[in-house]
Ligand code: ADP
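The chain that follows stands alone, in the form predicted on its own, written as structure tokens.
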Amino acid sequence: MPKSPSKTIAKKASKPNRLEDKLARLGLRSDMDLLLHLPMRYEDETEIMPMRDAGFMAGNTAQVEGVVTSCDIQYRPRRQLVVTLSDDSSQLILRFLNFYGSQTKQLAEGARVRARGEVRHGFFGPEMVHPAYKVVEEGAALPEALTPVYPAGEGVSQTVLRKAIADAMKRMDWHDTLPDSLRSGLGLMRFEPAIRLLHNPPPDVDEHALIERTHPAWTRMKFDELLAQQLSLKRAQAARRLKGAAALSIRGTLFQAFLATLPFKLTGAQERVLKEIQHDISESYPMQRLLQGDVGSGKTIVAALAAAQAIDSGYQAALMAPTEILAEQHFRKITQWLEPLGVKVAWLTGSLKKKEKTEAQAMIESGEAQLVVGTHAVIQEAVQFPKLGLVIVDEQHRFGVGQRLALRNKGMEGKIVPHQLMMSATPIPRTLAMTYYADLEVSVIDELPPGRTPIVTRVIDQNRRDEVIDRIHVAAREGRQVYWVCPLIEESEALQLQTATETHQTLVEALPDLRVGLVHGRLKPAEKQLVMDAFSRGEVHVLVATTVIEVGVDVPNASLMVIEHAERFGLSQLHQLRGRIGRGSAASVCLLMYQGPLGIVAKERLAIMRETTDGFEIARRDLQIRGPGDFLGARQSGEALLRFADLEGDQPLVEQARDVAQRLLQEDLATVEAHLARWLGGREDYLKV
């Protein structure tokens, strides 16, 4: 009987800080985990260099072997251990600035030592400072492969990791999960040689290809990883289609009445994605569609029209947003559109008073509330939907997997689950959508409504702060409104950033003839809304805010934005913030104020913001800088991350894995099961909900 590929590491006698606990903290809980814990670099310990030659290697790494001829503790200029090592050709100094008493015994005169480190020119000739070393017998064998260096953690040395991985290899079932015909057709290495080479590469291997992950052994690992992800997501998609959902066809008059009352015409892109959504929710299996579009592209109206179709069919709809400001913006817009048509819209957030919350929950449970808008309060246990047909999640990547799953489960009546529409104003590059959203249908609003004015972006040193204040004074006197965005609320000695409260005070004093408002996350919701309403009505000229205004705030008259300490923000956040202006007819300007000196990444971000306002191009560049985990908020939300494949550099592999996954699911379920068992070990559900 074959051994399980995810066999748990054998337990030892229970004791504090046992090895398996330390390995588990590194995510190494099974033999397969250990095998896939691949080296981050390699050291060449296969050759000994004569010390005479090593003396000419200053600035480079060398390995030498010799006998200790002296071992002294010196005190000038500081306490240090100085060891002289000699071979038949010359001698070399080993210098330890920090050392243990036991090292003086290990490195006693007469000991044979093999040392590896960077060679430097010292006062007494060539030397190594804090080299790696070991005491050896004369004629001790050299390794036959490059020595792997693994990502490690506290209490887990390289020696321990190498032994644990070697032991796992002895227990491993090495059968190849890919049939030979498929593997050879794709030009891939066999699994076992690929793994063994990555852990123990021969001295003549192309080390550059190993480090750059272009070696055929790496290609096999990347393909297997991508294939496992594609198989899992496509299987999840197929399983979803077996579940039942309400067919939300238009049976009443609400949808057409809503469409007729709109004071604007939908763009071609909005009409296209609306038809895609309408088609999906009229089916009897649950939709799972991602609606993405740039800032201001009109996703909310499309979502509201989808909700109207659900209500027309006699079902409830729910919209959940990550922040109260964004949720309230949706609530105000949708209420304004739908309540005149007789739709009852409920508002539910954690900040509501107990009586208001109880009333809202009663409306939802009775079915009186046809549409519910709110924050994560919507998924609390006390909230019960009798007939939930459509779930809309805005800025979906800011919710955890569990939160999204909880909302979907609110609608379960036996096997009936609600349709799900996820929205994102962070455009997803094509390769990322193919990889992380392989189980979703994706709709893209790639057109902005007419009348949006281009935004000019300028990067400016904070030393010109007075000029910026003069500029916003002139703009406000001309009737335009201004956002001034700060990254923190209170003073932080660690970051030394200007704070919202301090900036507000400065601007109040500098602009006595203007009204300056302040909004931040620690204000009570009612206080926050008072300021926002005053800004929307034009009574507040300058709004100082933290990133609570990042999404959802829509004030067409606001045409100037100052982002303070712009170097501290990510690209996606800068783009979202900038999207708050340019919504009216006035020419709009975004000033990115920075504090020098700038690091390489900060310079790159600000340059990208200055060069383009195209959200898809910004998203593509952001993915290059940050990688997929941070881009999606995945490190916080429990999404699966690719460990080996690179979405930009490995796009052909992504497409290959997608096509192979589709074929295997249709023709070879045994291979599907074997591959998923090896790579996910029964943990498929962590990939997606």
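These figures come from a predicted structure and were not determined experimentally. Residue positions are given as counts along the sequence shown, with the first one as 1.
Another form, the form predicted in complex with the named molecule, is not on view; read the next lines as being about it.
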Contact stretch among 299-307, 241-249, 205-213, 179-187 - heavy atom within 4.5 Å of the named molecule in the model of the complex = 299-307
Is there a heavy atom of Pro454 no more than 4.5 Å from a heavy atom of the named molecule in the model of the complex?
-> no
Answer for Arg583 alone: is it within 4.5 Å of the named molecule in the model of the complex, judged on heavy atom distances?
-> yes
Even though the named molecule is not shown here, does Arg537 get within 4.5 Å of it in the model of the complex, heavy atoms only?
-> no
Could you tell me if Asp294 has a non-hydrogen atom within 4.5 Å of the named molecule in the model of the complex?
-> yes
Check each of Arg522, Arg120, Arg272, Lys333 and return the one that places a heavy atom within 4.5 angstroms of the named molecule in the model of the complex.
-> Lys333
Sole residue of Pro450, Gly139, Gly101, Gly110 within 4.5 Å of the named molecule in the model of the complex, by heavy atom = Pro450
Any residue of 248-274 with a heavy atom within 4.5 Å of the named molecule in the model of the complex counts; write them all down in order.
-> Phe264, Lys265, Leu266, Thr267, Gln270
